[in-house]
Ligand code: C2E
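Okay, so here's just one chain, in structure tokens, the form predicted on its own.
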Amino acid sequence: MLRDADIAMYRAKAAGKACYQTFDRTMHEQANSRLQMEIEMRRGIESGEFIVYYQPIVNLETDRIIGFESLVRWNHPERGVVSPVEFIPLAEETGLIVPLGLRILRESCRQMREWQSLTSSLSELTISVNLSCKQFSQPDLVEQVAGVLAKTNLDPRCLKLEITESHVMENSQAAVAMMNRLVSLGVELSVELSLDDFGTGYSSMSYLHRLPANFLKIDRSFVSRMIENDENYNIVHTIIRLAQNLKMKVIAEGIETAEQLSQLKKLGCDCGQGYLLSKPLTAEAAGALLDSREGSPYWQAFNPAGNNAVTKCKVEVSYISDLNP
């Protein structure tokens, strides 16, 4: 009875204040399922089941790849590839996101250094790694990042750490202090603006000038709702203008249509990523993409069905969206 009451209590807490929940058998089954996933995640982190995929970030003016964002996937021995939508919330709740995030950071920096060692033309290529709220709150975060950079011998300027606006605003003074310490290492910082969190509480667009960030990232929640001359379009326009005034660059994620790409280019957005440009790739496929671009006018179009089949198309284009995948 105490166990069941405890389960109901935590469900009530998750639902918000001033409410109650009545225990039922479904709650017990869900609790057991979450516990089993937690056990499997701990095992998976130790055994290397979590792998990094890389999504290209493209300069929207030149259509050249300037870097990659690291995205984690769980290669479960029984379930196959598990989407982060399923395991990231639990990893955040249990604190497993801290060791998992550190592994992602290590592997991302190692892989970027490996690519750069192949040719000097990739020396300025960057890797973007997301920091969760719990990671960002770790008192030894700066030491962890410095240790990874030293071990992988990656130039700090080639590492971009991404933080969401809501995480920064939870404790703005401590966040700015932590960001300044990270910047002192030489890394670049990116603050992501999400439609769900942006402008809430005491945060506002005017606060951004206090953040020692080099980039503003526009979440897919803005981009997916963009229709020219509507409210979201005007918000994106305002964010881009603000970033320009603050001498910051803008990255738009979740670009999935040619219309979105065209609008972002017209608004002066610096960089973008999304399925229209490229899906997230394995390290091998990303390396092949870099090889195909090295010293040649080739662009590799990836099979939209989801496998890593590659075709080469020798074309002269001014926009990536002109290519038919």
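All values reported here derive from a predicted model rather than from experimental measurement. Don't overthink the numbering: it's just position in the shown sequence, from 1.
Keep in mind that the form predicted together with the ligand is not shown, yet the notes after this line are about it.
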{"property": "Options 275-283, 34-42, 262-270, 58-66; stretch whose heavy atom lies within 4.5 Å of the ligand in the model of the complex", "result": "275-283"}
{"property": "Contact label in the model of the complex: Ser83 to the ligand, heavy atom within 4.5 Å", "result": "yes"}
{"property": "Exercise: Gly254 in contact with the ligand in the model of the complex, heavy atom 4.5 Å", "result": "yes"}
{"property": "Any non-hydrogen atom of His237 within 4.5 angstroms of the ligand in the model of the complex", "result": "no"}
{"property": "Contact of Gln135 with the ligand in the model of the complex (heavy atom, 4.5 Å)", "result": "yes"}
{"property": "Residue among Arg181, Arg73, Lys249, Arg110 with a heavy atom within 4.5 Å of the ligand in the model of the complex", "result": "Arg73"}
{"property": "Single option in Met169, Leu211, Ile88, Leu242 placed near the ligand in the model of the complex, where near means a heavy atom within 4.5 Å", "result": "Ile88"}
{"property": "Heavy atom distance at most 4.5 Å to the ligand in the model of the complex, all of Ile97, Asn130 and Arg220", "result": "yes"}
{"property": "In the model of the complex: members of 145-176 within 4.5 Å of the ligand, any heavy atom", "result": "Glu162"}
